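Taking the form predicted on its own, here's one chain by itself in structure tokens.
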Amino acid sequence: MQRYIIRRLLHSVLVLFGVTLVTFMLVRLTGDPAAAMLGPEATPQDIAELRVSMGLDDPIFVQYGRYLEQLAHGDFGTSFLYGQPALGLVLERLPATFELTIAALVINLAVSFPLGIISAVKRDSIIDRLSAVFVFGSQAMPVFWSGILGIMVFAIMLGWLPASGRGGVKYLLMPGIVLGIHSAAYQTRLLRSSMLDVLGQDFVRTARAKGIKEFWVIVRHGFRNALIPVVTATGVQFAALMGGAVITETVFDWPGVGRLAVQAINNRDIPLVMATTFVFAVIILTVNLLVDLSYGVIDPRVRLD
């Protein structure tokens, strides 16, 4: 186990290096940060002076090398837009994004688990058919469209929920549901497929032949053995929810990292974009490692070497 974790950590370092390299190059190739900061009324001389003062006149690989040197000392640079340490800005907004992501994940699991299990147990029933309608309908609706529709209905027409901002549960409810329901569609379909495969196995038929109650057959033998692909998908869904939060935060004016990232990209704020991408990459790599380690807990036959 220790060798596996060490190997994964070393692999994660290489992944983070690749993420920083690709992100840095893409942001620099999209335009001149100095021109974006000064605006359209700036003269070429003003832009050139700012580029020199910020070190943007050096070759791009020299700039990247300088960034890696700062990163090795824990310095993510200062935001061009806010004039504050980039990492501090990201960490300040991170709790809001986690709050939205976890709320969406809870809604995802609360909807997909019972719906996926019932659809598999009651195959081809009216519940299974309604589940299919939910799955295809939810996947067909983009998150931004669902968010705008939710604001129009529940905030403007009915006045039940606030349209934007962050506060109590009422502020979290609508963006969490919009993000969670969209991701629950994929999870429902996967759990149904996995449950159908397990319920057709010999050990399940043997359990039924022994007279074990159907509820315990489904829970202990069916659901538990169907969990591994679902746990894997949950880790992927967490990463997708973090990414989907970028759109949701923009629609609902949620003060999270996603909205901060959009502002940084629009203003070509290199340190802020790099800090945001780096933090997201670390979180996703950590979640993937925890998902892999959970396999041994779910199924003792799985060994991580």
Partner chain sequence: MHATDQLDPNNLTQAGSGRATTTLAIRERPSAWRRLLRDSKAIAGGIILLILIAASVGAPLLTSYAPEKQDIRNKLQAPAWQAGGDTSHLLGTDQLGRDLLTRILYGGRVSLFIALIATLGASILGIAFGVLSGYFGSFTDTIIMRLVDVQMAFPSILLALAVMVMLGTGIRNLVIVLAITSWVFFSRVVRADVLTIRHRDYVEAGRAIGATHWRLIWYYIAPNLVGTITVVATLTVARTIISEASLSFLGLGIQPPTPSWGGMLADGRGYLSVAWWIGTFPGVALMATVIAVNLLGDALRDVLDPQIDASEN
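This is a predicted model, so every value here is computed, not measured. Numbering follows the first chain given and starts at 1. Take the two forms, superpose them, and find the largest set of C-alpha atoms that agree within 1.5 Å; that set is the rigid core.
Another form exists, predicted in complex with its partner chain; not displayed. Remarks below refer to it.
Stretch 129 to 137 is the answer when you ask which of 73 to 81, 129 to 137, 196 to 204, 97 to 105 has residues with heavy atoms within 4.5 Å of its partner chain in the model of the complex.
At a distance threshold of 4.5 angstroms between non-hydrogen atoms, V19 is in contact with its partner chain in the model of the complex.
Residue contact check for V236: one or more of its heavy atoms lie within 4.5 Å of its partner chain in the model of the complex. Put simply, V111 is far from its partner chain in the model of the complex: not one heavy atom of it is within 4.5 Å. Among residues of the shown chain, Y186 is one whose heavy atoms approach its partner chain to within 4.5 Å in the model of the complex.
Looking at its partner chain in the model of the complex, residues L14, I247 and A281 each place a heavy atom within 4.5 Å of it. Taking a 4.5 Å heavy atom cutoff to its partner chain in the model of the complex, the contact residue among L91, V169, L158, I148 is I148.
The two forms, fitted on the rigid core, differ between the shown form and the other one by less than 2 Å at the CA of F278.
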